[in-house]
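In the block that follows, a single chain appears as structure tokens, in the form predicted on its own.
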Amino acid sequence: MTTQTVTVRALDVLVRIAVGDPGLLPTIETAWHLCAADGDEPDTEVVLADHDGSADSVARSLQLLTQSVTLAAIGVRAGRDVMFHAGGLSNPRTGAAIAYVAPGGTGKTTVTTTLGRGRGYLSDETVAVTADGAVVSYPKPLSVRRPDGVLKDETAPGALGLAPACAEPWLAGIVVLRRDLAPGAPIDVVDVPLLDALVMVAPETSSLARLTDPLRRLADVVEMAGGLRVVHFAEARQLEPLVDEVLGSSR
């Protein structure tokens, strides 16, 4: 079987995907449509994992592909940016962006799909912030968990009504998500002192130790964003006023 390739732009890193099953090329190109890249020489390469042809096996292969692309891009950008395990949305006119930090499986994708329409989709997985506060967009396929809670489907952003950022995004706010309230309970937003903030978000970063003076860089990002807040909530829709507040910020 002849291996074919498709190149995507992930965190502004060109990643070539080697695909042994050409029948999956259209699926990959559709899922990664907001990350489509031209034919320039790639920065790194990944390989689509083998599958047995069953729907579940293909889903696992595509899920592993997303993880591989993300890790490859993070590896290239390591030592340059502060990278959070976070989702992100931006104001399509001004570029003001919010990063919502949380461990996997605790609500980032749900927040993105619930609040993303009409806003710039930055990522549901990794938000990278440069030294000057710019946010590096990564509008990857959204990893939507199936009702059985086991597999995820890599879903094209456009299929969910999401569009890329129009204006260059910059970090206007950063929050930590805690989906720990009972249904019907009011949202609770808590300001976090800087030292506590560093302890809280450092575990949700990638390759932090590769930065020069990593804690200072992390503190700079938190301070640029106006400090860190923890948001306790029950439903993603409760976050809309907070997202509107942050995306309404000006530099």
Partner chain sequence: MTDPVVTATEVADALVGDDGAVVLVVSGGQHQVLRLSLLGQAIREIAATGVPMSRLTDELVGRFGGAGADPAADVVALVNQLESAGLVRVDG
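Numbering follows the first chain given and starts at 1. Everything quoted here is computed from the prediction, not taken from an experiment.
The same protein also has a form predicted in complex with its partner chain, omitted here; what follows describes it.
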property: Contact label in the model of the complex: E45 to its partner chain, heavy atom within 4.5 Å; result: no
property: H33 within 4.5 Å of its partner chain in the model of the complex, heavy atoms; result: no
property: Contact test in the model of the complex: Q63 vs its partner chain, heavy atoms, 4.5 Å; result: no
property: Contact test in the model of the complex: L198 vs its partner chain, heavy atoms, 4.5 Å; result: yes
property: Segment assignment from 36 to 44, 208 to 216, 54 to 62, 22 to 30: heavy atom within 4.5 Å of its partner chain in the model of the complex; result: 208 to 216
property: In the model of the complex, the one of A185, A202, A49, V189 near its partner chain [non-hydrogen atom within 4.5 angstroms]; result: A202
